[in-house]
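Read the single chain below, which is given as structure tokens and is the form predicted on its own.
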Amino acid sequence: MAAPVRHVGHYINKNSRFLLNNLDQLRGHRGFGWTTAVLQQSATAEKEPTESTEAIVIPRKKTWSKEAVLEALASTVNRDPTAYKYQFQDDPYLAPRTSAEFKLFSLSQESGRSAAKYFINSNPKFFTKDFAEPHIPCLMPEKVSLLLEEVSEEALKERISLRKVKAAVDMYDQLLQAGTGVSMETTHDLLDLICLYSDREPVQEGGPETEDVESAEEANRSKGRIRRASDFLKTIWRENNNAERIFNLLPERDTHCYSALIRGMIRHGAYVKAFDMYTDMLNNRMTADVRIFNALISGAPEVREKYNERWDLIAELLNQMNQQKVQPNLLTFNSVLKALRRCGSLARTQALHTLSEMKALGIAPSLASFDHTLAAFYKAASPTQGQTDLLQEVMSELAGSSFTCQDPDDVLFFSNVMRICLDNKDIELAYRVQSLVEAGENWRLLGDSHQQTIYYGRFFSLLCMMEHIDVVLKWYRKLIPSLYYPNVQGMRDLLQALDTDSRLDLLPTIWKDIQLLGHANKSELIEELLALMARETHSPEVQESFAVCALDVKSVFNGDRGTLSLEWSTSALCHITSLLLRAKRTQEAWEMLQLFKAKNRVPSEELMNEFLLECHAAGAPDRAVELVQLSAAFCLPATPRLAQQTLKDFDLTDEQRAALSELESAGEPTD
């Protein structure tokens, strides 16, 4: 049995060598993608030892974020300008079509989400089962119930982490009564919590507001004085609250303790008391930290009345920072720039010096830094048209950059810059601002929906004012409805742009958009639309489309679509009647004339003349006579002239001539 197997193996080995030799020859003659260079490299690789394999370096493992796949997929698609925002795409029925609906649905969603979260956190025992795989912590109830009931520092830490202000203060008092010491670190956290919420329980999402907040809001409605920024705070700093009491009970106080109280006082409107606390800290031979200086600088305009006194106080604080060797940060300079906005003419010179100092220290300005600086040079409604040199420099420095939010005021930059472009009518600069918004994810810094509406509203108004109508319509389709819901002024700007470039034939299409955007109940907008359509005579096709649009407008005035009817005005009745006449819809125009009497409105003489000419062109003497009689019923001064013209141009019966002659003679002056 072994011999046959040995022969078979010898036969296979012999044939395999034969096949390999033939394949090498075929490679050279037929060339299945093998070139001479490749053959030489393979031969060299066979001759050389395997040193190269030892030099291979395995790359380090790449760590991907959890959102890497989603980010890669998102980068392959662009925004759909015809789609609504993603937050409304779960339920097409609730997709907003107007700015009012957008606000209503957004608030409804947020309110429902807050109410659900409040219910879950208030009743965690009903939501103990976790069906999600893998576990999703944000969908589970937060741990808001207290687990530690004994009097201990750990129980105090638990109450601080759960933001239970009253419970934390009570636990701290119990520890002091028991003679148990509390570490300085825990004391810092307690003071931070109390000062952050001004010794009140934080309002949970969906929960009821406290009486203190409501009373503060009532106080903000006071009249008879100029309101400051501090008037809009929801809470105020109460005298001798728990923060001050605990601070006074401390045997040793460090910078962090002073910092918590000073920042809390500034945050909640006790500016003078914050500066007194800072003076007390200096008297105790202690140095402040950067957060204390940031808070004091932001509160400086509130404790001084004159502009130069405000700047002197800010400069003094900066000098004390230098003396105490406290390194400023971005928020320090932003606080200075923001305070300079309330320092009058000093702001222009000192703002530029502040920016230079920032760059000298290697601190890159944020969008808020540039916003505060530009605000010093470009005041709203100030005579600075054509002076955009500083803004040009800022945009050149920011071009192509991608930003992240470093200051709460960063979200105000784009809307304020677009206001400057609109005031100066600089469309090229506006395009540069829009390019910066589209760079990276800078669109996230446009702010909330209200700020976005302001930004795009100003941009669209500038487009309507400065650009050709084709460019305006391109941006109109790009922005609406995915990014912008234009208000009444935005639609009026669009109508004026159509008028400027003689594209009034698009007015019926714009009217459909006006209805979709919820502005069909704005009488001033509708009357401007009708006035543009009725101002001139156009081709028969355009006049027919205008007539259809006019009848649609009529149904809106009559409330035929389940909406509140609008009050008819004389101009609206005249325009619609004139549009129907030009489209040869005489019967419908005559019905509109009857509507004048029903609505106690008087038609214009121009409309009556136009109607009489249409009757003459249509050969309708009976309708002409009725028109003259209707004019007499309205007591129009033009009635005798209309009667005379009808007697001259129409073939009338004797009875009709007698009636018109009587109307003609009634208008003649008597001796």
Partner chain sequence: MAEQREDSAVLKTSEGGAAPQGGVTVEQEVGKPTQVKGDVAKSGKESLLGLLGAMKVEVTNKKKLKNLKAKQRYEPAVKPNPAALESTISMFQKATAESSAHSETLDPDLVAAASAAASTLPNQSQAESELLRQLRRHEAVTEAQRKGDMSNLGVIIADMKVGRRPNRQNARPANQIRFDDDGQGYTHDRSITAELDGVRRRRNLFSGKRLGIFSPTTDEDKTPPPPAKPTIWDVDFANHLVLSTNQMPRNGFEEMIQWTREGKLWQYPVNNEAGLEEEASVPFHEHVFLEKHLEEGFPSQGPVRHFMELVVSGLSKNPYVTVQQKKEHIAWFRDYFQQKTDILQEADVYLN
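Keep in mind that what you see is a predicted model, and the values were worked out from it rather than measured. Each form is matched to the other, and the largest set of C-alpha atoms that superpose within 1.5 Å is called the rigid core. Residue numbers count along the first chain shown, from 1.
What follows is about the form predicted together with the partner chain, which we do not show.
Q: Look at the stretches 548-556, 495-503, 261-269, 170-178 and give the one with heavy atoms within 4.5 Å of the partner chain in the model of the complex.
A: Only one stretch qualifies here: 261-269.
Q: Taking the partner chain as it sits in the model of the complex, is F333 near enough to touch it, meaning that at least one heavy atom pair lies within 4.5 angstroms?
A: Flag for F333 set to yes.
Q: Would you check, heavy atoms only and a 4.5 Å threshold, whether P251 touches the partner chain in the model of the complex?
A: Outside the cut-off, so no.
Q: Applying a 4.5 Å heavy atom distance criterion, does L147 contact the partner chain in the model of the complex?
A: Outside the cut-off, so no.
Q: Tell me, yes or no, whether W311 is in contact with the partner chain in the model of the complex, where a contact means a heavy atom of each within 4.5 Å.
A: The answer is yes: W311 has a heavy atom within 4.5 Å of the partner chain.
Q: Using a 4.5 Å heavy atom cut-off, are A74, Q350 and F370 all in contact with the partner chain in the model of the complex?
A: Spot residues vs the partner chain: full contact, yes.
Q: So which of R304, R245, R163, K597 gets a non-hydrogen atom within 4.5 Å of the partner chain in the model of the complex?
A: Of R304, R245, R163, K597, the residue with a heavy atom within 4.5 Å of the partner chain in the model of the complex is R163.
Q: By the heavy atom within 4.5 Å rule, which residue out of L196, L566, A430, A155 makes contact with the partner chain in the model of the complex?
A: Here the answer is residue option L196.
Q: Taking heavy atoms and a 4.5 Å limit, what residues of 440-477 are near the partner chain in the model of the complex?
A: Residues within 4.5 Å: W443, R444, L445, G447, D448, Q452.
Q: Does V303 shift between the shown form and the other one by 2 angstroms or more at the C-alpha, the core having been superposed?
A: The answer is no; the displacement is under 2 Å.
Q: Taking the rigid core as the reference frame, tell me whether R341 has a CA displacement of 2 angstroms or more between the shown form and the other one.
A: It does not, since the R341 C-alpha is displaced less than 2 Å between the shown form and the other one after the core fit.
Q: Please say whether, between the shown form and the other one, the C-alpha of R113 moves by 2 Å or more once the core is aligned.
A: Yes.
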